[in-house]
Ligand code: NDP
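In structure tokens, one chain follows: the form predicted alone.
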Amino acid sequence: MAKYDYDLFVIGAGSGGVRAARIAAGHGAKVGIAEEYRVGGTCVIRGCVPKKLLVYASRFHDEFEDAAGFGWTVGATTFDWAKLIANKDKEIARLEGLYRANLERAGVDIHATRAVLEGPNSVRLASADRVVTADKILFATGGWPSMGDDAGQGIAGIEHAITSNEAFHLKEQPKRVVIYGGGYIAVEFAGIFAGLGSEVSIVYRGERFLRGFDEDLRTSLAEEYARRGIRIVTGTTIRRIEKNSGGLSVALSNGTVLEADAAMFATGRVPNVKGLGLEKAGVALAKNGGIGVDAASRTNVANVYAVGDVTNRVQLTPVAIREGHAFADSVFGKQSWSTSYDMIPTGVFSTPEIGTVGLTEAEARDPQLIRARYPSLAGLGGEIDLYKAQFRPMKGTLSGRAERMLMKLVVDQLSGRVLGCHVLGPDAAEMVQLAAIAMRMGATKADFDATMALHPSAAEELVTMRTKWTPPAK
């Protein structure tokens, strides 16, 4: 008789949890997984995927305008929010079905319920009020929108605000939107709503949104957003939200009052650890509030593991998937390996969009920071060369659109290694995904220079920039 009901029990059926469950089952483990909402997790159900679909919808406005320069006559256009959301929901349901089918084909038992830790080897399934046991337990419960701490505490009327979770299910398109925050989600939804015709204001307590990104990207995107009519209010916070007959009045700390139909908080996501019973087994949390893990995704409790956004590591879907795969191979497949966090590319699906990988200019100038944050790059940086190109994309020459593209390479002066690649413009994320391969292999500026350009393309600028760029004196 088996000592446990399962070899592995996974709590959370998002990207990381599903990957871990499938791979472990493929190695012969008996696997169970519990999900209280929908299989697929944040990215598939209410994150990256539906967001990208909305981004596509928002960009048709530009396409209709640009068509005239290419000889097309486009008649009157209308937009149907309800139809977009319904079609989005249909696609998400299809994807959820695929995720569920893949788990079932792998032989994974799916429990549609909330699950909490009862002890080091036991999990309580809430809906059935029964306990199952497992040799190994994996937490993959992801993150949750934050509205607390400095973002939400003390804000009167906070109950009238929404997060990205609710934004995907609004019955009507808000014509006036105030978005509080300055990260990925805030910037992306600002572009979505503006592209669909809403009046958009971004409120951010810092000096410039997208903290942590290269300064040239931050500045250039802010300029493009202003050109698109998006109001950017920095250095201030929301103090009060009042509901009235016309919608909402959003009072800011600088004395300004913004009238809106929706106030959206996009002030970051926190690890989803509440009510999981972690304390019962003595699972320790890290400084960021997430589950503390080592390179092998182990917690301080021998048989309890965690991957993805619920941990103290990088909060990106592909990272969670890689961590889940590494965990399953290492623990059940006798193929020990761990996730590498070197040169992780990322995209911001604003309009224009951002693709970036590697070090920012500021990071590359600081060898001490590199040693502490990027050990694999220790010994590089400090003295750097910069290459930058700003130009109007070819499509804009006939459409008349004033939007400009930005490409920037940060290069270690001594070795010539490309430390950072930053792109703002159409298809930026697609370009940077491929640049990341070369950069992870240690490509130098000479390697970029020796690569034949693909003409005519915007991406060819990455291999044709020859003149070093010197920042203007401050």
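Numbering starts at 1 and runs along the sequence shown. Fair warning: this is a prediction, and the values are worked out from it, not measured in the lab.
Keep in mind the form predicted together with this ligand is missing from the figure; the text below concerns it.
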**Item:** Whether Phe139, Lys274 and Thr299 all lie within 4.5 angstroms of this ligand in the predicted complex by heavy atom
**Value:** no
**Stretch in contact in the predicted complex with this ligand, which is absent here, among 222-230, 107-115, 260-268, 68-76 (heavy atoms within 4.5 Å)** = 260-268
**in the predicted complex, Ser122 touching this ligand (heavy atom, 4.5 Å)** = no
**Item:** Contact flag, Leu316 vs this ligand in the predicted complex, heavy atom cut 4.5 Å
**Value:** yes
**Prompt:** Is Ser338 a contact residue for this ligand in the predicted complex, using a 4.5 Å heavy atom cut-off?
**Reply:** no
**Prompt:** Though only this chain appears here, would Ile185 touch this ligand in the predicted complex if you measure heavy atom gaps against 4.5 Å?
**Reply:** yes
**Prompt:** Between the options Tyr180, Tyr387, Phe193, Phe332, which residue brings a heavy atom to within 4.5 Å of this ligand in the predicted complex?
**Reply:** Tyr180
**The single option of Arg365, His160, Arg205, Arg401 touching this ligand in the predicted complex, heavy atom within 4.5 Å** = Arg205
